[in-house]
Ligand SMILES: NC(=O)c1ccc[n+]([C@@H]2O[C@H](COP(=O)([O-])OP(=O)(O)OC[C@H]3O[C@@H](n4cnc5c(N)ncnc54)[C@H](O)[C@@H]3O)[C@@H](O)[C@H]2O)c1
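Listed next as structure tokens is one chain, alone, in the form predicted on its own.
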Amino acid sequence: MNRKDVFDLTDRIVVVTGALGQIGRQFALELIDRGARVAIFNRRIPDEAVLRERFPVDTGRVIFCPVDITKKASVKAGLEQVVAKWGVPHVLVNNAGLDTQPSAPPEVSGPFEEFPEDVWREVLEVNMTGTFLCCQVIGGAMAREGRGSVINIGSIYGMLSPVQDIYAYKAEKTGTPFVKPVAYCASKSGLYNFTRYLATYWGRKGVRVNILTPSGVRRDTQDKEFQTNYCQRMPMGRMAEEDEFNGALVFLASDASRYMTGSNLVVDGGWTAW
């Protein structure tokens, strides 16, 4: 008996924001490999040589759209580019976001009481307002078509407060303490109820809205002390590799999750199980 592959993404039209970043690029490559047509929304689009190095794929299945997700007119222009080429998207992946790494300068990684207001506003503008605008414009277009899947990308630090002890080595090493800042955590936390809101709002219009929660991803540029401390706190004893969220994304983008909306899919190596 022939069964339809519920994970099939052939010719699905997908918008991925921030797909030039670490896990965003992996999302885009996985989707393209599975036959989807992917529109990459990024504020700045590198030159052709850089793009082809990072995306050595069928050029007919990817387009690069210069979009500032914090500007509604820019998001609308990006959507118009996608519709003109392929049609209304089936999937929106809200991946773009700002975070503060342990290598950040002390003026943005000091005590909460001294956290800069302009940085707070910048992070919320991208992480929350950008997601809001993409959902308004692209999610709204999908709702008018009566189908679609919106996938917001959350964070374990949106579910739980950061374990600040992980970063204590910075004070010993450099003499300057590092505090995981509040803006990233607050903005990612806001996405959870935003997801539930849209899931109920669009529930009978054929648009599903879910959130995928990843944990920290290993990077060669990270301090070894940070990696050691982080992994000691992680039940699986290691950080994620950059492609280890792809399966969850495919699940949420495909018909395999067709009865799932308003949910949080946690792929975190057990971090939130403590």
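Note that residue numbering follows the sequence shown and begins at 1. In this text, all values refer to a predicted model and were calculated from it rather than measured experimentally.
Quick note: we don't show the form predicted together with the ligand, though the next part is all about it.
Among heavy atoms of N229, none comes within 4.5 Å of the ligand in the model of the complex. Although the partner is absent here, V38 is not a contact residue: none of its heavy atoms lies within 4.5 angstroms of the ligand in the model of the complex. Using a 4.5 angstroms threshold between heavy atoms, V126 counts as touching the ligand in the model of the complex. When the ligand is considered in the model of the complex, V57 lies well away from it, no heavy atom lying within 4.5 Å.
Using a 4.5 Å heavy atom cutoff, V67, L98 and G154 all lie near the ligand in the model of the complex. Proximity to the ligand in the model of the complex, taken as heavy atoms within 4.5 Å, picks out 67-75 from the listed stretches 108-116, 199-207, 67-75, 161-169. Checking I63, V217, M236, L51 for any heavy atom within 4.5 Å of the ligand in the model of the complex turns up a single hit: V217. Between the ligand and the residues I23, I13, V266, V250, the one pair within 4.5 Å by heavy atoms in the model of the complex involves I23. Using a 4.5 Å cut-off on any heavy atom, the one residue of 168-184 that reaches the ligand in the model of the complex is Y184.
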